[in-house]
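So here's one chain in two forms, each on its own in structure tokens, numbered structure 1 and structure 2.
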Structure 1
């Protein structure tokens, strides 16, 4: 039940992109096609779960030595090196998966969803390692959902006639606004 609550809340009610405003750059940048959106969300999910688990234990270490103020520095370094490691391991172990996710991996270091979710997970005192991992996975799913829906909308939008000043990014943001409005319908779900 507890896990279900975390999952529903992270995917629908407090969606990372549409309610918490994390990971907007890739949201606007790589959401032109549904296929790339799926690839990007896969890569994010992969890194986010591992990163949150690793940073969860690192936070324990920081707490132990009372150097919580080093959180930002250590987390971003862990995430950056993790992304590199995932890239190397994936290349060796599963070339097929690397083919589909590989090009997105370097972009993930500066995707603030990963750092944001890691910080959110450790700042929730009630979360143990399992809850943190579920929280990360649920957020990644929410991210994927928003990205894929948005990519579908934008594929349609390309065929539409738009005033020249609104073309491209502005109309994408307005579409995102309407999508966020739709997601607000989920509020109060849990």
Structure 2
């Protein structure tokens, strides 16, 4: 039951993009096409779960040596290193997957969603490693859901008659706001 609560809360109620406003830049920038949004979502999910697990144990080391103040810079370095290692391994092991992810892997290095989820996971005192991994995966699914829905809406907006002053980013921000309001409807679930 605890895992189900973590999953529902992270995907719908406390969506990392629409409720916590983490990762807005890639949310707006990569959401022009559904195919692109799906690729970015998969890459973020993979890196987010691995980064959260690694940073969970690194936080234990930081706590043990009483250097918690190094958390942010350490997590940034770990996430950047993980993305580079994943990129190298994918290039060697699965060139097709590496090509399909393309530009998404380097973009994840600067995606504050990954860092935010890692910090949120280690900040929750009730979470062990398993709960942190479920939390990261659920947040990645929530990020992906929001990104794919938003990309679908933006594809539909390309076909709609939008006033010239509202085309592009202005209508995208309004649509994102309405989508965030729709997700707020889930706030009574948890």
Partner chain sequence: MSKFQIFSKGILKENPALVLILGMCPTLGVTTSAINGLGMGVATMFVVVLSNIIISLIKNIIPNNVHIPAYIVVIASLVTILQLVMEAYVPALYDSLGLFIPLIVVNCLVLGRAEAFANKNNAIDSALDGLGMGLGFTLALTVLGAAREMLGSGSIFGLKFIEGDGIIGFVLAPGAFLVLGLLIAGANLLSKKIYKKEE
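Superpose the two forms; the largest set of C-alphas matching within 1.5 Å is the rigid core. Predicted model, so just to flag it, every value in this text is computed and none were measured. Residue numbers count along the first chain shown, from 1.
Structure 1, not structure 2, represents the form predicted in complex with the partner chain.
Once the rigid core is used as the reference frame, the Cα position of residue 125 differs between the two structures by less than 2 Å. Once the rigid core is used as the reference frame, the Cα position of residue 64 differs between the two structures by less than 2 Å. For residue 165, the displacement of the CA atom between the two structures, after superposition on the rigid core, amounts to 2.6 Å.
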